[in-house]
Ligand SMILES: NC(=O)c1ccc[n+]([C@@H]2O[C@H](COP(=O)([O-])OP(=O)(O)OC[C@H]3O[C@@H](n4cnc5c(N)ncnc54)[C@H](OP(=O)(O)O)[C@@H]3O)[C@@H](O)[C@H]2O)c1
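The chain below stands alone, shown as structure tokens; this is the form predicted on its own.
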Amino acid sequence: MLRERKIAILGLGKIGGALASSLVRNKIVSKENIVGTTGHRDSALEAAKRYGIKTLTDNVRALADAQIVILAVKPQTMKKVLLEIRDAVRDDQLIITLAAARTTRFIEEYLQKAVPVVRAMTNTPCLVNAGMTVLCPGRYASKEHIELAREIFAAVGLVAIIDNEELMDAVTALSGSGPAYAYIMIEALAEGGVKVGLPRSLSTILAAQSLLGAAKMVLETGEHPAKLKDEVTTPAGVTIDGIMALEDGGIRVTLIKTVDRATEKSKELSQ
């Protein structure tokens, strides 16, 4: 569905750039059909060289011929960009917004058109094609619009779809912010390895690969994490003593509170 579509990515930052790169590299969209924007001429030239696509500093020009417009700008600049492009946006264009805490209704109201909008919450592992993206349709988005958005983000990882936009705050807190929580776990486990004598570089690799492997086991086997944990935990073995230390530190409650608190923060920002 995407091969011949023309896409404008407004904001070739880390996420916008990762999308452009993956769409071209995976031959989902030809590079001739993608145009991106940056805020300055120098960064536009650099992005053109890096991603092999046409780049501009003018958002209105960029979306003129596009059928799909991806708003990959920061939440705090979203209003400015929407006001800038409002008169140029057409009803037959699909708008995909990546900004956290900016609802589809927010986009629709500032554009002042019955334009199809799909909200996407992705995360930074999309930079290595291991992202998690959740999509939610706005009032005027059809199943075809959702499918187009799904194809785009499938290029950089897994994709899930929800209909209740109120859940996007929880998605932001869990998978949007989740990599940061995982990095802290990797760092802490690596420090533990150093504490018991492992070289830091090796300890970091062991910690990171263990989390990567465990996550892959959950996704590919479909088994409950508790069952997979039990398969590693032999009676009177090493693992159960490690788990006891985790439980003594309150890791479960801490992680639950982490997602809960981040969800509330996302709700505050949305309001």
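Numbers for residues come from their place in the sequence shown, where the first is 1. Quantities reported herein were computed from a predicted structural model and do not represent experimental measurements. Think of the rigid core as the biggest set of C-alphas that the two forms share within 1.5 Å after superposition.
There is another form of this protein, the form predicted in complex with the named molecule, and it is not shown here; the text below is about that form.
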What stretch, of 236-244, 203-211, 34-42, 220-228, brings heavy atoms to within 4.5 Å of the named molecule in the predicted complex? 34-42
Should residue 182 be counted as a contact of the named molecule in the predicted complex, where contact means heavy atoms within 4.5 Å? no
When the contact criterion is heavy atoms within 4.5 Å, does residue 19 count as touching the named molecule in the predicted complex? no
Taking the named molecule as it sits in the predicted complex, is residue 143 near enough to touch it, meaning that at least one heavy atom pair lies within 4.5 angstroms? no
Please tell me whether any heavy atom belonging to residue 99 falls inside 4.5 Å of a heavy atom of the named molecule, as the geometry stands in the predicted complex. yes
Taking the named molecule in the predicted complex as the reference, which of 105, 113, 79, 74 has a non-hydrogen atom within 4.5 Å? 74
At 4.5 Å, heavy atom to heavy atom, what parts of 110-132 sit next to the named molecule in the predicted complex? List them in sequence order, or say none. 121, 122, 123, 124
Core-superposed comparison between the shown form and the other one, residue 69 Cα displacement 2 Å or beyond: no
